[in-house]
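Just the one chain here, the form predicted on its own, laid out as structure tokens.
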């Protein structure tokens, strides 16, 4: 076997340092969340236990943790469904050029480069000045869509750019209506991409702080609640909450990956059965 070059080891070290930079803070919080009852917010650890996790579930003085979690979860689902539906509709609309399509495309992605806090400020002012309630389910929902929709639309644009239209033509030749073609041909083919859009929509919404800061109204979402806790909670219970929220995010990612795997396997099985039928 040919020996590795020096550049390989230098790049490997650089990559390892990069991973440590990315995940080191999260790993540190996870470790410190298992401090003993007398532990603090820094190293060295004073024993190991699940004390702070029990404290998180038992004490009521920590704040509105579970209420904020429920709001973030519900808001994430709302944003996810809307992002998927609008992204598919937008992707279908942009398959053919129409007057103003280029301008509209750049207007869509402009919200990605505008500072998030300015989006939050603008949406909050618009709602308050028009007499509408500033609430996480209205203004917060709208401000988060300015973050998730561009990602979803960009994914759909890429999907439909390489979509083989001959499948749709074959369905129409067999007498399928436009709705039947969309339901039975287009959507099953792009299903893995839709799962990716849904994952983007939920996770970006669930973790979003800046665009929700001035649009959530009187009730905090989970990121806002955690930020508020940093000013008055001085025990590792804060780290325990961070560990649980990180674990929940990983569980949701795993859930979407399982759906994608199941969808791909079902698609492969359906294709195999169709091939056997032709034989």
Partner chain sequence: MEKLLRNKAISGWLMAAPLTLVLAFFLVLPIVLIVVVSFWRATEFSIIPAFVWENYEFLFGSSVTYQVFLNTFKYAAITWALTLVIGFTVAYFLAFHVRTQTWQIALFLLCTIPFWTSNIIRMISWIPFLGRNGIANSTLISWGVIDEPLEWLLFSDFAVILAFVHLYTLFMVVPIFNTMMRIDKSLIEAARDAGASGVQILWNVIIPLTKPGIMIGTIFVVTLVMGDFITVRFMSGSQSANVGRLISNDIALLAYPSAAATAVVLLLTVLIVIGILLRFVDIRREL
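In this text the structure is predicted, and so the values were computed from the model without any measurement. In this text, rigid core is short for the largest set of C-alphas that superpose within 1.5 Å between two forms. Residue numbers count along the first chain shown, from 1.
Keep in mind that the form predicted in complex with its partner chain is not shown, yet the notes after this line are about it.
Student: Of the listed stretches (168 to 176, 91 to 99, 184 to 192, 73 to 81), which one has a non-hydrogen atom within 4.5 Å of its partner chain in the predicted bound form?
Tutor: Stretch with heavy atoms near the partner: 91 to 99.
Student: Is residue 28 close enough to touch its partner chain in the predicted bound form, meaning at least one heavy atom pair within 4.5 Å?
Tutor: Answer yes; at least one heavy atom of residue 28 falls within 4.5 Å of its partner chain in the predicted bound form.
Student: Taking heavy atoms and a 4.5 Å cut-off, does residue 239 contact its partner chain in the predicted bound form?
Tutor: Although its partner chain is absent here, residue 239 would touch it in the predicted bound form, with heavy atoms inside 4.5 Å.
Student: Hey, in the predicted bound form, does residue 65 get a heavy atom within 4.5 angstroms of its partner chain?
Tutor: Close contact is absent here: in the predicted bound form, residue 65 is far from its partner chain, nothing within 4.5 Å, heavy atoms only.
Student: In the predicted bound form, is there a heavy atom of its partner chain that lies within 4.5 Å of any heavy atom of residue 14, even though the partner is absent here?
Tutor: Output for residue 14 is yes: heavy atoms within 4.5 Å of its partner chain.
Student: Could you run down 22 to 53 and flag each residue that has a heavy atom within 4.5 Å of its partner chain in the predicted bound form?
Tutor: 22, 23, 24, 25, 26, 28, 29, 32, 41, 42, 43, in sequence order.
Student: Note yes or no: does the Cα of residue 14 move by 2 Å or more between the shown form and the other one after the core is superposed?
Tutor: Moves: yes, 2 Å or greater.
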